[in-house]
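In the block that follows, a single chain appears as structure tokens, in the form predicted alone.
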């Protein structure tokens, strides 16, 4: 069978492949970015869904507008964006999506021609790499440091390559959990204006903060309307609802609507209505306090266990938020080999770092651990097993 050029050579998601091994309940998983089950508002969702269908079933069970469920768009515009510093947006700047991944897919369809250069952080979210590869983009990377991307290196790459867009997760970046400093955020917005470059500010983890200073959005420094903000509710409310919103240039948003018409017509109305009710009922602030207390404890348990059981040559830092810990092994040590041994011999799973890089063979000595999906006792046990394996493999 002859496949299209755009799909040739594009690999499946390493994280989605990982789910195949998790059918065994004995496996301790530090793999995906799954929120903790106890953080889902299950009772509220069940009762609210029942009420919504009883009161608005004729609307919610019918086709809906591609732009999104109006009460959710208004809630995002009036209650979510202003506290973040975005106060001059209108309803035409807002679209709802079936997860932020759809936002990336729509933006790739709208903005990228085959061969166009896109700039990404290195490493970066592997789903973005997959989408940009399918769009046949020329992916160029700018390196991550302890405080995220550096402004001078970013400017150098923009001047050299003139990318059509720069994709960034500036707060608690996936996979590293690094945070971009304020100066680089300002420079990013300036470069967007100077080079007519779209900046995709992907922001799924910023609300999951345990410590440190709250950072302003890149969008708040945007003078050219070239920054588009993606806000996912997968990590804060529920990934299964597949609901996200975005705020950006009205003309660009309209093009995304047209692309979405040919994708899924519209996102599920009931799911959008649940998120709208959660926001409008004022549930989010208290919910975030609760889930951040859960994740802060889980992160501390993992870091304490890593300090106790990992060899000193395995480098990592305690995150200030998000869902991940990034680990770097000595040069020449293959994290994929560690993964194979960990699953087979220790019944522990994680995500090797290689898929988060734009080219194969780069930083094979890295891997990502997720601390949100397992209970504390299994976190400690899994880290203990993994630490023993690292010591065994290093000799």
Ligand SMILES: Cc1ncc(COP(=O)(O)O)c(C=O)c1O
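Positions refer to the first chain, counted from 1. Quick caveat: nothing in here was measured; it's all calculated off a predicted structure.
What comes next is about the form predicted together with the ligand, which is not displayed.
A heavy atom within 4.5 Å of the ligand in the predicted bound form is found for one listed residue only; from 271, 298, 232, 93, this is 232. Checking 149, 169, 118, 218 for any heavy atom within 4.5 Å of the ligand in the predicted bound form turns up a single hit: 169. Contact with the ligand, judged by heavy atoms within 4.5 Å in the predicted bound form, is confined among 262-270, 176-184, 153-161, 199-207 to 199-207. Interface membership of residue 99, defined by any non-hydrogen atom within 4.5 Å of the ligand in the predicted bound form, is confirmed. At least one heavy atom of residue 242 is located within 4.5 Å of the ligand in the predicted bound form. In the predicted bound form, the ligand lies farther than 4.5 Å from every heavy atom of residue 132. A residue is said to contact a partner when one of its heavy atoms sits within 4.5 Å of a partner heavy atom; residue 125 meets this definition for the ligand in the predicted bound form.
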